[in-house]
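Just the one chain here, the form predicted alone, laid out as structure tokens.
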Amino acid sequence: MNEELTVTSERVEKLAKNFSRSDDFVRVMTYYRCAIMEIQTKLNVLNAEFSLQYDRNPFESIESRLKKPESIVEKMLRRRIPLTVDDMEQEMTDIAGIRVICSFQEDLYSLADLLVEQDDVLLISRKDYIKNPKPNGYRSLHLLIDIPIFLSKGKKHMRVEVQFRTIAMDFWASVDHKLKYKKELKDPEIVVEKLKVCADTLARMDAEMEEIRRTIDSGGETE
């Protein structure tokens, strides 16, 4: 096998160390951080306005992350993307990420729609894994957004992935992620099936909680 195409942890670590030290890489990652801050500010403003109008906050928490250099390099090598900062920006869409955790599914969609309706926000893609869950049961709404950041010498457009989940969806995804790192499972198919059942159960719970909230908002009573 060609050594240049072999993806090993040692090779990834070595390349990532050199790649992340370049001035271009440091600069672009700073731009991604700025883009995350821009979207977080927009979401916080919407949250404050929403709480005044409806007397409740649409989301529980916001988490953000930048992909680590090792993960970036590993993915670029695996996809045979040239290891340059320009190619990283053009080919990778998940370097900057924000996760918005909501109590209710309805608020999740409302918040996502309000965000993309803003004049300076460009929606690149929308993947609704809530209405169309992945085969393993994963549910979340993914938006890939183009957002401008304003610099001393002009503005630059950056891409950020924003994920919207309910508390239940986030709980399931977190547990599923942790279990993926478990080794030597005797019956992995059984575990996968049980996780799928749990995902479906949590989806029904989300729907029931939504119905309870609507009943309360309308002045009715739950049974």
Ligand code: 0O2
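Start at 1 with the first residue shown and count on from there. What you are looking at is a predicted structure, and each value in this text was computed from that prediction instead of being measured.
Just so you know, the form predicted in complex with this ligand exists too; it's not on screen, but the next bit is about it.
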- Query: So which stretch, 103-111, 80-88, 124-132, 148-156, is the one near this ligand in the predicted complex (non-hydrogen atoms, 4.5 Å)?
  - Reply: 124-132
- Task: Name the single residue among Cys34, Ile167, Ala173, Val28 that comes within 4.5 Å of this ligand in the predicted complex, judging by heavy atoms.
- Result: Ala173
- Please check if Lys42 has a heavy atom lying within 4.5 Å of any heavy atom of this ligand in the predicted complex. no
- Task: Tell me, yes or no, whether His177 is in contact with this ligand in the predicted complex, where a contact means a heavy atom of each within 4.5 Å.
- Result: yes
- Although this ligand is absent from this view, report whether Lys67 comes within 4.5 Å of it in the predicted complex, heavy atoms only. yes
- Query: So which bits of 128-152 sit within 4.5 Å of this ligand in the predicted complex, heavy atoms only?
  - Reply: Tyr129, Lys134, Asn136, Tyr138, His142
